[in-house]
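What follows is one chain in structure tokens, specifically the form predicted on its own.
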């Protein structure tokens, strides 16, 4: 086993251990709140990468599944009179299934298109979800929002901890799903679609079925993460869960870290989300933090079009070749 591979495994193990014990070594609410949102976006970006990174179909409407997941858990908890505490977490997979069913419907329509048209169609569906949440007042509460059961027993420094571990579990689920797909025949078919869809179809790849499967698989963790987010903030509004900025954030994090890689979305979220939160806290009232997003996007497109991870891998490969050559 090479030294580089050993270092990678040791680094991965250290990262997992730190993630698992973080609330124990840094229990203050400001740190755990930052950790909740950072891990949340690791899961969101990784899930989006299953569709956007592996097939090359750029969806800017994945916030729709985030919103459907949040509203699904809120409505289920309220109508079933679920007691606050750990019980609502048991309904999170149901919210994910509901988001997956919605994704089948949206994907069946949207995936009849390609390129820019696909992007526009996904955005349109996201805004349709927002309008439904605003206008189905008797069901969703409309613009007044939808409340969740409030776990009063989780006071003080402990409040963020259950939500952190729930988000961490979903991030691990997304990463495990992405890793499994990348190393399967299904994953090879998705990469073939990304490289040349017409050639992939010509050699027998069922492109339409594969794309719809990837679209649905990527939506399910997003819906579950949206459900946990809704429970975490205890009240959701249409414009904040069906938010275009959530979808754009997923895309930007993946492009920053490396499109179609396993580590890229994780790195992108770790770099971008803490910085975005600081900008939002400082300039949230004026929404100047959106300028930060625009600036990062332009810099990535200009100087790192393939992302950090592929760029570093190419640099290391060139170095090894230079050292190996006489």
Partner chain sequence: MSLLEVSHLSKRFGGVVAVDGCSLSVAEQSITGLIGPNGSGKTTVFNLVTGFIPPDSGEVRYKSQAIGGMGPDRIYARGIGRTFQLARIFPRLTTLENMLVPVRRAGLRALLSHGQWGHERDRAMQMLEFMEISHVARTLAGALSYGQRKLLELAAVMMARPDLVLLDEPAGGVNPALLEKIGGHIHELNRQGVTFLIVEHNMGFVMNLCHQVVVLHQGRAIASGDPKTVRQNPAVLDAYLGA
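Residue numbers count along the first chain shown, from 1. Keep in mind that what you see is a predicted model, and the values were worked out from it rather than measured.
The same protein also exists as the form predicted together with its partner chain; that form is not shown, yet it is the one meant from here on.
Looking at residue 186, you'd find a heavy atom of it within 4.5 angstroms of its partner chain in the predicted bound form. Remark: residue 201 counts among the residues lining its partner chain in the predicted bound form, judged by a heavy atom distance of 4.5 Å or less. Contact between residue 143 and its partner chain in the predicted bound form is not found at the 4.5 Å heavy atom cutoff. Looking at residue 163, you'd find every heavy atom of it more than 4.5 angstroms from its partner chain in the predicted bound form. The stretch from 133-141, 206-214, 83-91, 105-113 that comes within 4.5 Å of its partner chain in the predicted bound form, counting heavy atoms only, is 206-214. Listed residues 251, 98, 192, 168 were compared with its partner chain in the predicted bound form; 192 is the one with a heavy atom within 4.5 Å. Contact residues in stretch 28-62 (any heavy atom within 4.5 Å of its partner chain, taken in the predicted bound form) are absent; none meets the cut-off.
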